[in-house]
Structures are given as structure tokens and as C-alpha cells.
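Starting off, we have a lone chain in the form predicted on its own, written out as C-alpha cells.
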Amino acid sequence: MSRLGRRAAIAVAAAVACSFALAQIDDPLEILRRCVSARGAVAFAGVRTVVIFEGGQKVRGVEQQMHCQAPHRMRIVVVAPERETGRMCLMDGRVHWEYDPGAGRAVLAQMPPPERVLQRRLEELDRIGRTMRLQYCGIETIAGRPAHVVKVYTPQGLPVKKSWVDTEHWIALKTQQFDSHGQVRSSAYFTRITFSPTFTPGTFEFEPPPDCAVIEASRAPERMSLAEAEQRAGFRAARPRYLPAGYSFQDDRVAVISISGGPALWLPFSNGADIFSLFQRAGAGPTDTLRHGRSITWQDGGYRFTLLGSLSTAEMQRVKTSIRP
């Protein structure tokens, strides 16, 4: 065989081996598990587009420059549109900064240990594997790279999330999240990405400008069972009788927080990809229902309730109506 023929044979063998290796990873849960484990553990740099939809229509879009240096250092900066340019998130595994130059404000939050975050994400993924339907949809190309495609459905067949995961580095190259009607609610995808990045000194450092207001966020509340939370709060939780398709109450992730100096129950509900929350506290307040962005606040039976999340207005109203103290 000629040298050219040997090279061609080697190239074909390599391509076959690569295709065989990719074909072996077709377990959707294992692909998502590797994706979760790769977060913060793989270095990359790229440009990502994030689009938000309502009722199937685009309502907002931004382009972000992303840098990630293992372990657990990430910088995300908005580069378009112009009115949002410069907004930034920065994490180093210990603290999390959010900076908005337009508002002249920076928020600093302490982060839990990375190993605890990874454990919690893997536990949540196991929950998804037990309660949702997962489908492997093959391999597609995103930003010039092959990606495993995995789709998550409710037991009733309603789409919840779709992920495109890099076949070599296990980073999510694209994700889509769906609303309670099965329509795309958000889409995030890389248009450019490299896994051999170089970072300039100071990329993962942030010093608030002198005229910037710095706000220190409170620590994340302790999570506990519903029974323990009710005992600490001193009252019983009023849970919704109606939940959108695919959502369930996370009865082991309840928290008690302080609102206006008194205890409030924080009840989370999840469909495996998204979460909405119900806050309940004792006390009187305005009788009129208050709506603000993604939240509804109302008074009923001696309690104040706030429903917060990314549900549609109609679904928020159905959940609200089903709550009886």
C-alpha cells in the first residue's frame, strides 16, 4: 500500500472509531450527568446569544461574551444590545458579583462550596431521571461542534427542556426551555466557542468603581422538610390544589425566611428545569391583588401570599385561585 493509501486508511479508521465512540454515549441521563459535572471544570471562551420569548414571540435578546477557567471561575459580559452593554456576572467559586453599570450598582453574594453545589445539581438530576421522560435525539452541530441532543418531557409528554451537549467536553452548547404550554420560553446558544482559550491578567477579577453602590446579598436560606418549616414558622402551609403540567412540590426544599420582621414560608415548585415559588406569611395587608413583573401578591384568610416565577399570566392566576388557607 502506498504512503497516501496508508494515510487515507488511517483517516477512515479514525473517523470510524470516533463515530463508534460517539454512538456509545446515547444514555440521556448519563449525558446530562456529564454536562452537570463539566460545569466549572472545563476551560472555554465564546460568544453566546440568549433569547426570551412570550407566547411564541421574541421579547428580549442579548449577546454575551463568556470566559470560563477551571476550576469554577467564570465571567459573563453583555456585549449587545448597546443599552445593556457592560452588564456582568463574575464567579470564582467563593463569591458571585453582578454588576450593572447603567444602574451604578454591584451585588455581591457569597457562594456555597462548589462540591456542595455539584452534589445538589446531581441530586436534582437524579430526581429528573425518576420523574421525567428523557429522550436521546442524536447528534447535531452547534457553533461548528458536534453535540448530543437530549430532550426532557413531563410524564404527560409536554416538553420541558432541550439540551445540546458537546460530545468531547460535555459543555451545554445550546439549551431551550419550554413554558407550560410547550412553547419555547428561552433559548441560549453559542455562536462561537473555543476549548483552548487564553485569558488576559485580571479577567476574573472585579473591583467596583468608586461611584458604584455595592449591595451584599443575604446568604441562601437553609432548606428543610415542610413539617420542620411549618414548626419553625408557627403556621401551616396553604398549598396550591392546581399545578401546571409537569410541576411538583419540592417538599424537602422548603425554607423559612424573614419578611417585614416576621417568619414566612418559602415553598418551591419545579418541573425539573424551572422553578416557581409561593411565599406565605401571617398578617394583614391591602385587600387588592398586586401584580409586579413576574409576581402576584394578595391577602386571604389572615395570610399574605406572593407567587413568583416565570409562569404565564393565565397559569399564575390558576395557581393563585387554587390556594385556600
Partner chain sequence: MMCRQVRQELIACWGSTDELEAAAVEHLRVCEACRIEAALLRETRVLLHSLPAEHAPSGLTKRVVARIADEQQPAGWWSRLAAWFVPEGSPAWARATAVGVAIALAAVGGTVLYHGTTSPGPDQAIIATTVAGGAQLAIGQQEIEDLMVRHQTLELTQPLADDPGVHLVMYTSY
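Positions refer to the first chain, counted from 1. Being a predicted model, the structure only gives us computed values, none of them experimental. Here the rigid core means the biggest group of C-alpha atoms that line up within 1.5 Å when the two forms are laid on top of each other.
Not pictured, yet referred to below: the form predicted together with its partner chain.
Taking non-hydrogen atoms only, V79 approaches its partner chain to within 4.5 angstroms in the model of the complex.
Residue contact check for H181: none of its heavy atoms lie within 4.5 Å of its partner chain in the model of the complex. Proximity of E124 to its partner chain in the model of the complex: non-hydrogen atoms within 4.5 Å are present. Looking at I31, you'd find every heavy atom of it more than 4.5 angstroms from its partner chain in the model of the complex. When you look in the model of the complex, the only residue of L158, M111, I193, L243 with a non-hydrogen atom within 4.5 Å of its partner chain is M111. Remark: none of the three candidate residues (R236, F249 and I323) comes within 4.5 Å of its partner chain in the model of the complex, counting heavy atoms only. Residue V152 is the only member of 134-157 with a non-hydrogen atom no more than 4.5 angstroms from its partner chain in the model of the complex. Annotation: Cα of Q299 displaced by at least 2 Å between this form and the one not shown, core superposition.
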